[in-house]
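Below you'll find only one chain, the form predicted on its own, shown as structure tokens.
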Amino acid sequence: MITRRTFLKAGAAIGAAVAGSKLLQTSKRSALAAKEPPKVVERIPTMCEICFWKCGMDITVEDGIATRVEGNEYHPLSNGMLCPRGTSALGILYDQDRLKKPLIRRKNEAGEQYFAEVSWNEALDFTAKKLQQIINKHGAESIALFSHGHGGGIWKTLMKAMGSGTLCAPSYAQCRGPREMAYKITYGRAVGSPEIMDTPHSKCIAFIGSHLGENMHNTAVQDLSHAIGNGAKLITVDPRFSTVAGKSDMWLPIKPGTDIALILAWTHVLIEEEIYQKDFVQKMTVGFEQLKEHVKDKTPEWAFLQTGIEPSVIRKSARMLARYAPASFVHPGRHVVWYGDDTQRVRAIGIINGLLGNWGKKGGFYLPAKYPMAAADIPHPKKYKVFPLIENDFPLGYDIPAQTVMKSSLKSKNKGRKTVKSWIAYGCNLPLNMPDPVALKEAMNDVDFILAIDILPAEITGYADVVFPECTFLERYDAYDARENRVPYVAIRQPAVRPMYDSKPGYWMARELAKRITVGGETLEKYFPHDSLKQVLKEEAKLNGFSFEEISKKGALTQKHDALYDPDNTLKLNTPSGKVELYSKTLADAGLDPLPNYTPPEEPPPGYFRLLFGRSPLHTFSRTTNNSQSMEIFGENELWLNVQMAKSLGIRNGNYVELTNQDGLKSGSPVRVKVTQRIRQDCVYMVHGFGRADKRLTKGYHRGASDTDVISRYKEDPVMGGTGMNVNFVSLNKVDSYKAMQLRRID
């Protein structure tokens, strides 16, 4: 079938141009060797962007070449330390596969599509013309933004200036959204990023599918290390013996999809044995009697039949949490989109935490504060519309789920209705982070225009009409970071080195487009009145009473915050009742369950395993699976398979297998099997972000397999629209190791 837009890879002409570029550096070592001895050595503080945590880091620069990355001592999220991903930052900066010039999709005389390298003026003029045509013909709201990362705020401003409020972040519906919604409903606020658990002072922590130690959020891992050093008890609930399970006092290898049953049984034990925090529950909660009645029959014996966890183990773990309350908590998790009932599962966790009385308590949840920051006096767009999205009926959602934008772009789903006409993808590799790859490809082919802004030739760039090469976070300024925290702070991102190749900062790109697009007879330049972000940062520093020179030298400024706890249970919460809502009238009024209910999960078909996925401490999903430093240590993912099941299938450790899901979709490349006793027999597990499909990613191409290839099904959370993706099943077919190696060849 001939499609309007096909997946493209860079052609030979681009490769030749790159090879001849003066800016191409074969490595930082060779660049240094040519310049030894260094004449100028600088230490430049900035903040990381390899994950959303945004730790402070110091970059050592010798004669304009970055040579070393270390944690920043002034930044309260790093405390002088970095995770393995942060220390690999130079692998991104000096990646020879980086996008180097703007690209435009074209056709030759034979009708074949290819990418042409063009000047910035040509790329900007072409893009502005396309967006202007869509605005004039279909309305600006038919342009949608998918964004991820700190720099996305600039593109949100441009979108609203054009008149579109059709903004989405895949992290909402594909990662964190159910958690934030559950805590807003129950406690009147989200747990935030970084999360507000007082882990260093906790005496007992339960993890339910939360993989700290593999999920290397720097401060969180430091805090957990302090807790372990202080003798904290750990409980891990997971079908897999994870890293944190290896540090735990108890491991509960739960049947996938039955977590709510276990949590309801824990709730039953706390109430039935009267070992909950009675003073907190009396003063700070509403709905206790309804909750008590709700879990009356949710005994450990009942939960055993659902979860496979022995009743005695359920009671012992519940009593352990209660024994150390309020200095104990059940971790709310981070990536929490599993089975479609995710808001209710996280709410069940929030209810348990309410019974433990740990909100505003030392060792439970602390009360954060934010560094007071006023924004520069810049006009803000006020008149914009959101596209009328289909299948977006989530009564308590606070953001747009990315999959509803995808559905609203499909001509086959919107017969007789308007469709989304254009996508702007900033830092979002949609082919690897969206479920239902078949529908995604159809949607990308249906829209009129796609602009991708990225650092590397991620798979989304292969489907774009125009590709803008952004410079890395080590080569640009971004907005200040001043989130809530135990220690209020404001941090700066600033360039350590000059932008390489023909890459540009996102602010410059957005401002140049704003100059070229008109709404109401005038350009949008007034929303970007400064020539650079550095000017904005200087203005905001002056406005907020701190020195731009000082923050540029230190990297972060902090304030003291003493009101961390509420020892007397006097706190008023931002809920309708002003208290912790164990029973939620808000949910009831929306026609949803006011208390969490358990529904048994679908069973795998014969010969299939439930597919689970997670992350490696060396990688931030697909963002780092072409990073030479990270890949040197963890170069491909593996499929965890229970030893008994491997024996029955005739599969040995190290064999390669192809995955086929329940709908017949196959993995794009094989994956090596890790035979282990550390996983249940009814599921398999793999790290997300591998199996790259673009040959321009020379280090990640076909290394391991992509779980996204076989995630064709998902269950939407009725509360906020999260996509539960742990509802896919796969069978395993052995393939020849030689075939697996041949797939990796880049001719």
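Throughout, we count residues from 1 along the sequence that is shown. As the structure is a computational prediction, the values presented were derived from the model and not from experiment.
One more form of this protein exists, namely the form predicted together with a small molecule; it is left out here, but the text below deals with it.
**Student:** State the residue from A556, I208, A265, I450 whose non-hydrogen atoms include one within 4.5 Å of the small molecule in the model of the complex.
**Tutor:** Filtering the options by heavy-atom distance leaves I208.
**Student:** May I ask you to choose, among V237, A510, M181, L145, the residue with a heavy atom within 4.5 Å of the small molecule in the model of the complex?
**Tutor:** If I apply the 4.5 Å criterion carefully, the residue I get is V237.
**Student:** Within 4.5 Å of the small molecule in the model of the complex - does that hold for a heavy atom of every one of H201, K316 and I492?
**Tutor:** The answer is no; none of H201, K316 and I492 reaches the small molecule.
**Student:** Taking any heavy atom pair closer than or equal to 4.5 Å as contact, tell me whether Y701 reaches the small molecule in the model of the complex.
**Tutor:** No.
**Student:** Does any part of I424 reach within 4.5 Å of the small molecule in the model of the complex? Heavy atoms only, please.
**Tutor:** Because no heavy atom of I424 falls inside 4.5 Å of the small molecule in the model of the complex, the answer is no.
**Student:** Is there a heavy atom of N215 no more than 4.5 Å from a heavy atom of the small molecule in the model of the complex?
**Tutor:** Close contact exists here: in the model of the complex, N215 approaches the small molecule to within 4.5 Å, heavy atoms only.
**Student:** In the model of the complex, does R85 come within 4.5 Å of the small molecule, counting heavy atoms only?
**Tutor:** Heavy-atom contact with the small molecule at 4.5 Å: present for R85.
**Student:** At 4.5 Å between heavy atoms, only one of the stretches 276 to 284, 471 to 479, 524 to 532, 367 to 375 reaches the small molecule in the model of the complex; which one is it?
**Tutor:** Comparing against the small molecule in the model of the complex, the contact stretch is 471 to 479.
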